[in-house]
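Okay, so here's just one chain, in structure tokens, the form predicted alone.
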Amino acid sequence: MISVATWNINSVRLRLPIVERFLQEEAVDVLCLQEIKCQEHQFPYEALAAIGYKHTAVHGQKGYHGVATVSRLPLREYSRHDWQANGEARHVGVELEGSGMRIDNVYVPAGGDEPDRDKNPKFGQKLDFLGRMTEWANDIDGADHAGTLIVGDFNIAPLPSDVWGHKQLLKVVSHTPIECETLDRFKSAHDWVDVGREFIKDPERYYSWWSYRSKDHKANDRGRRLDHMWATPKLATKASGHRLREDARSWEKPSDHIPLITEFDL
């Protein structure tokens, strides 16, 4: 069995204690982090190696964005795509040695506040980012490996049950129809399987993010599912379990996101 987790950590150095706690409690084989907010030479390699995570692929950037995949299993980095088309560090792809499983770790842009590309260039950049991801998905050839898992902060909650209020959020970036339609085109490009929703069936509540604006995120539970784990069809058949660590949102100095974990019979 191989277990993979994804977590937008919102600064890996600031939140290293809860990363260590999570890894010690869950002992996942692979952890994909987004928004690490550090350059590659600043990443806490030694601290993570000390608890068994010696294999890393880090695509960092000063102060913003950045993704990192850390593993107890040997891996090789095979790609870094600039789907933002401006040099931002938002993707890294690895292949696990032995199993041949590929894991693409991605941090999709948030897209600003106004869902109009003419008024808000960031929103247009988000849609274009997803368009380039879709072109990549169209070209994936899975014949020579076990399959691909794409994980990370997609910054889109596509289903009505992925948000606390569907009607209230239809004009709010992350749940607008154009974003959901754009993400659906990506999904169709390689028949991706939304692994989380294979185990937590729609319309069951499924959130991975709660705003810092609420002092107690549990009081009004205004969450959204912004984080995802999607597998190519062949790999999806090997998924044997999926769970969330919602309690991590209440840990000391938490991220506003929580970890998602999927297990595969490989």
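One-based numbering along the sequence shown. The structure presented is a predicted model; accordingly, all values stated were derived computationally and were not measured.
Omitted from view is the form predicted in complex with the DNA, to which the following refers.
Position in contact with the DNA when the complex is considered in the model of the complex, options K119, K171, K122, R185, heavy atoms within 4.5 Å: Checking each option against the DNA in the model of the complex, the one that comes within 4.5 Å is K122.
Would you kindly say which of G63, G52, G241, P233 lies with a heavy atom within 4.5 Å of the DNA in the model of the complex? Of G63, G52, G241, P233, the residue with a heavy atom within 4.5 Å of the DNA in the model of the complex is G63.
At the 4.5 Å heavy atom threshold, is F154 in contact with the DNA in the model of the complex? So F154 does not count as contacting the DNA.
I'd like to know whether W83 contacts the DNA in the model of the complex, with contact meaning heavy atoms within 4.5 angstroms. Taking the distances in the model of the complex, the answer for W83 is no, it never comes within 4.5 Å of the DNA.
Could you confirm whether Q24 comes within 4.5 Å of the DNA in the model of the complex, counting heavy atoms only? No - in the model of the complex, heavy atoms of Q24 and the DNA never come within 4.5 Å of each other.
Should Y107 be counted as a contact of the DNA in the model of the complex, where contact means heavy atoms within 4.5 Å? Although the DNA is absent here, Y107 would touch it in the model of the complex, with heavy atoms inside 4.5 Å.
Look at the stretches 200-208, 24-32, 64-72, 43-51 and give the one with heavy atoms within 4.5 Å of the DNA in the model of the complex. The contacting stretch here is 64-72.
Residues within stretch 6-24 having a non-hydrogen atom within 4.5 Å of the DNA in the model of the complex: Residues within 4.5 Å: N10, S11, R13, L14, R15.
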